[in-house]
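Next up is one chain by itself, shown in structure tokens, the form predicted on its own.
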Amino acid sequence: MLKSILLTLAILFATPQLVFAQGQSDPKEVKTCTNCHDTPAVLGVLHTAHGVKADTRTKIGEEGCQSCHGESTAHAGRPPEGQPRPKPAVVFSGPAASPVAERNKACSGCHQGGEVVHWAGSAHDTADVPCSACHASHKTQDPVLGKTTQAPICFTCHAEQRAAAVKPSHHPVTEGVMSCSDCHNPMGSTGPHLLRADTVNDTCYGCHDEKRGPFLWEHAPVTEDCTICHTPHGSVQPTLLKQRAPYLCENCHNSSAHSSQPLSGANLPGRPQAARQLVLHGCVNCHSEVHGSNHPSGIRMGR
């Protein structure tokens, strides 16, 4: 009887370590955390891949919430009288958030290879962007993984692209038909601008394969870089062009001697009258095959 009373008193007034030894507040148990953290915003993790106890990759069955938040013994135990409750080893949000390197280390412990194989040294890594800035691991459906909900998260930082996406000519990102990650891999890439393919053109050809060629007559800027003529995020010109014709074309082509120009000699006696409106309206009236032509006489990209 005396031994039982002493054991009860020991549990009541024990240090946190002794309480854990008796199984009262073991931080390796998820229920230890959910006794206090019982809001839907937190409990949602139990309905995600991170909350599958039978999956040994998550380690939640062995370590509970500590599998991501690190050592939480002091946090789960009873703090000393008048002292604030210590934080877990890793805090992912709020003013008490842990350093970015510690937060990302908690994620990279499981997420390796595949999409994140090029994370180290990537633009987001070198800019100290934490995984938790984009991902919401406690939500049943992570918004950044959905086509209709991803763009607003990217636009939080990429304001210039947000403005471009609402211009008259744009890829259907804001409509949810495609997402930023259809072209970019935010986890890192071997290509420029975090593109999924090694080059801009290879990325564009993923959807626009009819522009790939090879053609009998190639248009040099097309094979070099699509962004010489097009701006991918949005434009006030049709088909995402940087400028309207003929100004876009005249960045490379000198039209002063074109047969439609007044000074080309076309207005001399015996010559046909110049049809200047043809060029001013658009070079593609005649040179419609701007991406390349397979016609034997298509050297000038004509119809």
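For clarity, every value in this text was computed on a predicted model and none was experimentally measured. Residues carry their position along the shown sequence, with the first being 1.
Although it is not shown, the form predicted together with a small molecule is what the next lines describe.
Trainee: With the cut-off set at 4.5 Å between non-hydrogen atoms, does A197 touch the small molecule in the predicted bound form?
Mentor: Because no heavy atom of A197 falls inside 4.5 Å of the small molecule in the predicted bound form, the answer is no.
Trainee: Even though the partner isn't displayed, in the predicted bound form is P99 close enough to the small molecule, meaning a heavy atom within 4.5 Å?
Mentor: P99: no contact with the small molecule in the predicted bound form.
Trainee: Going by a heavy atom distance of 4.5 Å, is A163 a contact of the small molecule in the predicted bound form?
Mentor: No.
Trainee: Even though the partner isn't displayed, in the predicted bound form is L216 close enough to the small molecule, meaning a heavy atom within 4.5 Å?
Mentor: It does not: once the small molecule is placed as it appears in the predicted bound form, L216 has no heavy atom within 4.5 Å of it.
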